[in-house]
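Take a look at this single chain in structure tokens; it is the form predicted on its own.
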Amino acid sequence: MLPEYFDYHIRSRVVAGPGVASALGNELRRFERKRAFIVTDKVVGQLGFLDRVKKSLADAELDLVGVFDEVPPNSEFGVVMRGAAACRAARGDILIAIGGGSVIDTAKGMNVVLSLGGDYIDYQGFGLIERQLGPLVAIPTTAGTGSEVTAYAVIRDDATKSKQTIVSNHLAADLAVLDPELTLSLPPSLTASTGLDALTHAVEAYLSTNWRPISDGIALHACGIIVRWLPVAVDDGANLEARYEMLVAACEAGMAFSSAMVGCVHALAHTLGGLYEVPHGLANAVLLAPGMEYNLPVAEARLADLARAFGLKPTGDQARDARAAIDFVRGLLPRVKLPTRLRDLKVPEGELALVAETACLDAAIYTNPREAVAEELLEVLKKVY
């Protein structure tokens, strides 16, 4: 049965293919801007990716007026404000984000501040951005967050040690450039953790109470692609086909959860990132199967659907198929050499109750299919500790 009402919105233009980042300048001409400002991190800067983009900008007769490369793995409010100040001082008029989710979310936050003024903290929450922002181009170098097409920016508030979210359809990049050549240097561990991040987006979008038929189709397709190609990309990082498939699947997963939203796995992962700076992909990886199991009593049919999306043979028993989907995800972690316990992520055992209580206040919890209770989430955390 279809929802009584739903909407679906995707504002980003997506261009994809090996080598497309080298032709970026041709795409930028349509924005009719001349002063490009790059947002990235130190690692991307050392890999030579910027040289490709700089040449492409020069070929299109665009000026590169600045590079802000101070984005950390878990970006913070202060980083957003420093980046915005640097871009303003350079008089940049188009932002180009090159990096993973933290870099792209930082550029989104900078775009808000540059376009609307004030402080990043002023725009926390849903729907506080009501008009078009300046042009933003996102070039992901990991196949994970899908941030290039989402309506979210998640940034850490260092003062409160929490992840804070801005939600607006105006946040998504105007142009998303998916070039698998930029992911070839990603080490196996990051390939695996970012890939599990993408899988978590797709799974939680499909289980969400805010599901809609369009996001369902995209989420299920992304699941199938990820479980097929992630192990290949981890085992053989030079496999361009695997890298391409993963980059597109991560983008699809971003499209799915941007409208459907997510659930308890993300609420817990946000909390772990805020309190202990646990990398988001690793937190999602460890918690995905337990989160699916937590939702089993109310989402058996949808979990069985996921089993089929994973390529598992239907048994004719919905309960068995749903359990098979959970077991499959649990078995995927050692297959791609990721940790399976919270203790491996240096989470303090004595603070698990705090994690559970804080997660119940996270925005992601409100579309979880099963009502979240702190005491029950604590039991989930204990089982996987």
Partner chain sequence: MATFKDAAEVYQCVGGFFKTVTDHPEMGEKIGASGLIIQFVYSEPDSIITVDAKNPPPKGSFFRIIEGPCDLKPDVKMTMTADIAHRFWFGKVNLVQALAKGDMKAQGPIPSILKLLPAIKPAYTLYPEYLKKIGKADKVI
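Given the structure is predicted, the values throughout are model-derived calculations rather than measurements. Residue numbers count along the first chain shown, from 1.
What comes next is about the form predicted together with the partner chain, which does not appear here.
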{"item": "The partner chain contact in the model of the complex: Leu361, any heavy atom under 4.5 Å", "value": "yes"}
{"item": "In the model of the complex, Asp122 touching the partner chain (heavy atom, 4.5 Å)", "value": "yes"}
{"item": "Contact test in the model of the complex: Ser185 vs the partner chain, heavy atoms, 4.5 Å", "value": "no"}
{"item": "Partner proximity in the model of the complex: Glu375 to the partner chain, non-hydrogen atom cutoff 4.5 Å", "value": "no"}
{"item": "One residue of Asn239, Asn74, Gln164, Ser115 in contact with the partner chain, assessed in the model of the complex (non-hydrogen atom, 4.5 angstroms)", "value": "Gln164"}
{"item": "One residue of Leu247, Leu207, Val149, Met261 in contact with the partner chain, assessed in the model of the complex (non-hydrogen atom, 4.5 angstroms)", "value": "Met261"}
{"item": "Which of 94-102, 278-286, 304-312, 127-135 lines the interface with the partner chain in the model of the complex (heavy atom within 4.5 Å)", "value": "127-135"}
{"item": "Contact set, 1-16 vs the partner chain in the model of the complex - heavy atom within 4.5 angstroms", "value": "Tyr5, Asp7"}
